[in-house]
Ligand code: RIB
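Here we start with a single chain on its own, the form predicted on its own, put down as structure tokens.
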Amino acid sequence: MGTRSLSICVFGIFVADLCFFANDIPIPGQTILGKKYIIGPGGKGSNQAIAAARAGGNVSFISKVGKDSYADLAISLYKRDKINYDGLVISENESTGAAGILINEKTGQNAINVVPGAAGTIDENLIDSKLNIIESSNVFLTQLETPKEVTLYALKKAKNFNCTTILNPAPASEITNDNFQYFDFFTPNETEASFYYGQSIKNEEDCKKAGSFFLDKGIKNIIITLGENGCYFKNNKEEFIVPASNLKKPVVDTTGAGDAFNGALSVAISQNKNYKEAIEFANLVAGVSVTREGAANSMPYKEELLYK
């Protein structure tokens, strides 16, 4: 495995994030006067690739975009953060995806509507054409913003190449039982974990029961991210909760926190850190990201983590 040239492969979508900041998030039928808006890079897969690259990972990204200014934004970022984007297909027929993000400036909470655009047309042929990138990776990280059948196909291929696989099941959507065996790490937040578990997860006892439920399905390691309460981890050998990182700065925007966590986790795993150290590192990167505005733009560089 040490001879593999590209340690982390991320498969997911890039979208342009249109972020709108106000004192509240409007309810249906309500109009709110906002404070400001920002257009920046987003999409869970792209965010995770950027988080991983900035956290010290050697990263490749597989996705599909249109031929437009939003795609130019993505490519300039990948160049800057030294992400290998040989896996990026540029479509003449579709536009690059976009997301509308409404952010409560007082609490940092958000509501998001994602339109995948070109990335929504990704198929198994695209994965087959990029197998060399997956094969040369130690860790394969993906989410559920790409078409689900294609995502599961890619995870199986990654396991065939002996990659360590991480599925961040966001947004949550049904997965048949025969697929769970392909997930080395399953990283839902509380809401997503509750969706798969079938009941709400509110405390440590709920996490423990849900953890056993996921392991019984064939997942090797379950990590439930609990926001300000840290993370719950369980596998067949150990079980623990890692508290959130203590940070000097206040939370300003939680957009992309889960992406920061997953990107950093992939780096720690590629570096063979033990699981507690890996989660502590992922917590730190996620914690720093929520003290900044934006998704991809909030991802910290490795050097910054020394001065959190």
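From 1 onward, residues are counted along the sequence shown. This is a predicted model, so every value here is computed, not measured.
Unshown form predicted in complex with this ligand; subsequent notes refer to it.
When contacts are defined as a non-hydrogen atom within 4.5 Å, none of A55, D81 and G263 contacts this ligand in the model of the complex. Residue in contact with this ligand in the model of the complex (any heavy atom within 4.5 Å), chosen from I175, I112, L73, L126: I112. Checked against this ligand in the model of the complex, the candidates A118, I101, L155, I222 yield a single residue with a heavy atom inside 4.5 Å, and that residue is I101. Segments offered: 22-30, 37-45, 264-272, 64-72. Contacting this ligand in the model of the complex at heavy atom distances within 4.5 Å is 37-45. Using a 4.5 angstroms limit between non-hydrogen atoms, A295 touches this ligand in the model of the complex. The closest non-hydrogen atom of S60 lies beyond 4.5 Å of this ligand in the model of the complex. In the model of the complex, this ligand sits beyond 4.5 Å of every heavy atom of C9. In the model of the complex, T255, G256, D259 are the residues of 223-260 with at least one heavy atom within 4.5 Å of this ligand, listed from first to last.
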